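Next comes just one chain, in structure tokens: the form predicted on its own.
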Amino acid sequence: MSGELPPQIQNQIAQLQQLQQQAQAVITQKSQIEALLREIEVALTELERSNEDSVIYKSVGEILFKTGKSELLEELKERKDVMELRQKTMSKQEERIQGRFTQLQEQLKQSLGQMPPKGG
């Protein structure tokens, strides 16, 4: 059938679609991480404002536990560090995917440009 695309072009299109899906998944994960980071930063700010003798509770699932300010500060700072690292990793992954996407787009344009005219 002359209306079908060559396998190489079909493969390139499939790869582009797969990269789009990967990019969307990375963007979604990155957004979730950014939201968590904002929550952690708000919690840290409020915790740092509180007095040393304030009663502080930590939520673990459905249960609240009484905790100390210093240990909770330490825990939140560690979570923040982990989330920032994950955010950087997601950003790098997003850049790699975008670079590969651009490269594939160019290859596809070249492949399509080399196709013989239709109707011959």
Partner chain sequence: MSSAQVSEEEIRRLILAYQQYQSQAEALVRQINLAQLTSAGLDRAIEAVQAMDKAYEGQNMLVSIGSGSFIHAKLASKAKVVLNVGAGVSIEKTTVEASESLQVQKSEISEGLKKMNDVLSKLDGEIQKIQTILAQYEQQVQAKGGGQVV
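Positions refer to the first chain, counted from 1. Only a predicted model underlies this, so the values are computations on that prediction, with no experimental measurement involved.
From this point on, the text means the form predicted in complex with its partner chain, which you will not see here.
With the partner omitted here, the residue from Glu95, Asp81, Glu46, Glu71 that has a non-hydrogen atom within 4.5 angstroms of its partner chain in the predicted bound form is Glu46.
Contact here is defined as any heavy atom lying within 4.5 Å of its partner chain in the predicted bound form, and by that definition not a single one of Glu4, Ile13 and Gln15 is a contact residue. None of the heavy atoms of Glu34 is located within 4.5 Å of its partner chain in the predicted bound form. A residue is said to contact a partner when one of its heavy atoms sits within 4.5 Å of a partner heavy atom; Thr28 fails this definition for its partner chain in the predicted bound form, lying far away.
Although the partner is absent from this view, Arg86 stays clear of its partner chain in the predicted bound form, with no non-hydrogen atom inside 4.5 angstroms. Although the partner is absent here, Leu76 is a contact residue: one of its heavy atoms lies within 4.5 angstroms of its partner chain in the predicted bound form.
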